[in-house]
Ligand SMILES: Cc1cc2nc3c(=O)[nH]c(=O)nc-3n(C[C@H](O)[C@H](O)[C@H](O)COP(=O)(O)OP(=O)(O)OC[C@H]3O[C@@H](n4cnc5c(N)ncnc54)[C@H](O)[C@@H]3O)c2cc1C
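Take a look at this single chain, the form predicted on its own, given in structure tokens.
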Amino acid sequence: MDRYITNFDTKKLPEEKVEVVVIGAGIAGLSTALQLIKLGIKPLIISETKIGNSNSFLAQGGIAAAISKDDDPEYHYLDTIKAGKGLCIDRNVRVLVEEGVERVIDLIKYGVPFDIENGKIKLTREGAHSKRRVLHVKDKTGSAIGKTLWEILSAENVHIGVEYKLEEIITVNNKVAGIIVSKRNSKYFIRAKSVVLATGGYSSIFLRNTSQYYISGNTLSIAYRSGATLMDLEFVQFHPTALDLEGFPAYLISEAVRGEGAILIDDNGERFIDELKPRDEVARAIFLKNLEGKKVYLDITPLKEKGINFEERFPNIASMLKYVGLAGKTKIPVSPAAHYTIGGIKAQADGKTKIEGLFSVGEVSCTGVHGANRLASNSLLECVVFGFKTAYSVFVHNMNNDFVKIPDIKNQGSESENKSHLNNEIILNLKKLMWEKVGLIRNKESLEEAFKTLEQLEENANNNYLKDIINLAKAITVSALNREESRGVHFRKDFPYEREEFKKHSILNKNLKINLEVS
């Protein structure tokens, strides 16, 4: 992933100077920004889309925290470690589950309207959790949390730039100097002491995915070109239950539906898997049924038998089912879809990356907290816990550093022309390729074929944005090819077992070379 040469001169760009710029306005970015304001720093938030268009806002199920009287952070820790299949970074998991209780209490005090039953927070249980510890707001938890954070930030008159796209991270001697952003046909240089990346994951690089708007993952390529390290890109979580109906997107059907009692059956009406097993196991079981030519359905009859009003408990899902013509149906056709990307920019729990002044938080980051398989409802928790910690880390950095002086920078950056919303033929072919060859079930032959085809696509890429996406796809493929085992969400048909020598993290170095690193 070499730096791409273009013909604009950054010293001629309009310049703005800010203490901190937060790129991304999902729950990770907003959590970081809110705590920065509490610390006396008003950040500039840059968002490629309007507020609310983020995967964290779309999160349905809930946020996990050990707040019930029969639960404890230690139990939550053990569940997370077990799901992570030997690759969780222990110290970061401890931070997540222990400080998670505090951050969820913060959310309650902020006014997030979590569901209440008999005067107490109502908790549900999801796959691989040993306790009922998932707080929720019907089936729109992410939206409720995000809107609450945004309302508080709005009252603080936070600075925000909407429809700005990140083009380049400018560094000098491994220190952040600022970023280049674009809006329509104009480009700008934002000089900053600190840059926080909170731009989400890369699941939409697969044809079938639960991202309902445009997220490409090109931030990872931009960060990588600026000197950041990428980690564990092969670990992509495929959600077991996304709508499988011709002519409609893979709308997510929350794990909480199974948590409340829904079961999975094939077209013979037979139940074939424990629905509350880790997501990777459930997703593969459904996928194998699909490969046999069988349809799989999520049967919500048990909910009705338990007296649960489906439309009241899951109003968003019920509305979606009505939209697609399945209103009142008890058997919903489902199959897996790319949902959450565990890999990302290597970062600590406090957001620090390899580059001084560059921080990464949320799904764009990889802290090792999810290991090889994310435990359900830990993602929103990661956003608020590590967003909070990142704000303090940014404060310390800014307190001890001045703005970086930069020389005249010419011919540096990436282009944004032809950045059509995944309608470009090259991108469509790439998405198909990644789904078919680098999806749920992989092997050496399919991965090598994918890499060769990606190199051919790259030859026809006509702008740097496309090159960034293709290079990210190549990096995912190389990471999957290098890991000759099956672990968590990464499944190799030719190596269908865990291997001790691969109980390490995949670290992407220059020229797509992989090193394995112990936690």
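The numbering used is simple: start at 1 and walk along the sequence shown. In this text the structure is predicted, and so the values were computed from the model without any measurement.
Not on display, but discussed next: the form predicted together with this ligand.
- Remark: of stretches 289-297, 443-451, 358-366, 327-335, the one touching this ligand in the model of the complex is 358-366 (heavy atom within 4.5 Å).
- When this ligand is considered in the model of the complex, only one residue from L252, I170, L149, V282 comes within 4.5 Å through any heavy atom, namely L252.
- Of the listed positions (A33, A480, A59, A65), a single one reaches within 4.5 angstroms of this ligand by any non-hydrogen atom in the model of the complex, namely A59.
- This ligand in the model of the complex is not approached by G259, whose heavy atoms all lie more than 4.5 angstroms from it.
- This ligand in the model of the complex is approached by K165, whose closest heavy atom lies within 4.5 angstroms of it.
- Although the partner is absent here, N378 is a contact residue: one of its heavy atoms lies within 4.5 angstroms of this ligand in the model of the complex.
- Heavy atoms of T390 never reach within 4.5 Å of this ligand in the model of the complex, leaving it off the interface.
- Contact check for G24, S54 and H339: all three have a heavy atom within 4.5 Å of this ligand in the model of the complex.
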